[in-house]
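Okay, so here's just one chain, in structure tokens, the form predicted on its own.
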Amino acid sequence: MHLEAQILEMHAITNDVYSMTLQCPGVADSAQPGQFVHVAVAQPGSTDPLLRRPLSICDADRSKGTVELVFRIVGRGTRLLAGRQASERIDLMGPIGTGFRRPRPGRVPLVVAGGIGIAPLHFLCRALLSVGVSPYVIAGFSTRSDMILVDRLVRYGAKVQVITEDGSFGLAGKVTEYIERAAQEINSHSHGEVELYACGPLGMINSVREWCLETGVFGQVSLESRMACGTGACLGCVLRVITASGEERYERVCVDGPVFDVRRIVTC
């Protein structure tokens, strides 16, 4: 869906991470956790940069018709986007893609977030908590100053364990080093099986995938990819997967994903 939205608020969360709240009922009404919008980042009246940027939906409020996007400045396009002001209008497409499926009955969601990957998982946690399902979140960041959205998740009622690579907050190390420990804690306290949800850097996703395959834990991962069209037409974001019949084929991260069952992924 091609839409125009009004920017209600734009503010910096950290030095390079921004939150943008849009008045956009067309997206808010149907957005599901794990989906994204494809945003035109050029200034009004310009087509430079030409390509849009895919941004995960961090939150959506149907009653207010608002959508929150949280993004990191990684290049010229996102830097231009961060410079936009409240009351300006912005062109976007969405919601796009296949989102997260809710855990099966009796399963406890273990949410593994790496850096800016916490944004779509924030939306997922909100949705789970709204139906009485309490996720266990382990969130990894490079350092304390990179932490985002953790306080909000705690305030909503999620159990959150923060891991920083430099040990400046929470536990020290990489978030993937604590997946087994978190799963054991869930099993000992709830006596339920774990179902894993993850989004983060490629290295983290590969480690999550390997852990799920080794342990037999069902997992869903949200993948990042460079996208040109965002509609599946250009085939610029294909991923090799295994079908239900055991055959290999390519699927598009933009419309067939960005969320995939880890058991289907051949290579990230």
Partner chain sequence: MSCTVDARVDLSVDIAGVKLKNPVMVASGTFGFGTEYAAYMDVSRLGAIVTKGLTLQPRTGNPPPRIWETPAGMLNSIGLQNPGIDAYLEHHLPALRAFKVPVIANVCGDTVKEYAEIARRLECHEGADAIEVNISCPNVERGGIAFGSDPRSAVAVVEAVKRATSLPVIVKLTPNVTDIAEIARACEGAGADALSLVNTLLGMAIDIYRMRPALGNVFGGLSGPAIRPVAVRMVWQVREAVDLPLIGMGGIASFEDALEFILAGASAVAVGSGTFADPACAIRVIDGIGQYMANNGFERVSHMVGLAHKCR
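Note that the structure is predicted; figures quoted are calculated from it, not measured. Positions refer to the first chain, counted from 1.
Another form, the form predicted in complex with the partner chain, is not on view; read the next lines as being about it.
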message: Which is the contacting stretch out of 222 to 230, 57 to 65, 22 to 30, 203 to 211, given heavy atoms within 4.5 Å of the partner chain in the predicted bound form?
response: 222 to 230
query: What is the one choice in G114, P109, G94, G99 with a heavy atom within 4.5 Å of the partner chain in the predicted bound form?
result: G94
message: Can you work out whether M1 and the partner chain are in contact in the predicted bound form, taking contact to mean some heavy atom pair no more than 4.5 Å apart?
response: yes
Distance check, V238 to the partner chain in the predicted bound form, heavy atom within 4.5 Å: yes
- prompt: Using heavy atoms and a 4.5 Å limit, would one call V217 a contact residue for the partner chain in the predicted bound form?
  reply: no
query: Given that the partner is absent here, does I242 sit within 4.5 Å of the partner chain in the predicted bound form, heavy atoms only?
result: no
query: Within 3 to 39, which residues have a heavy atom closer than or equal to 4.5 Å from the partner chain in the predicted bound form?
result: none
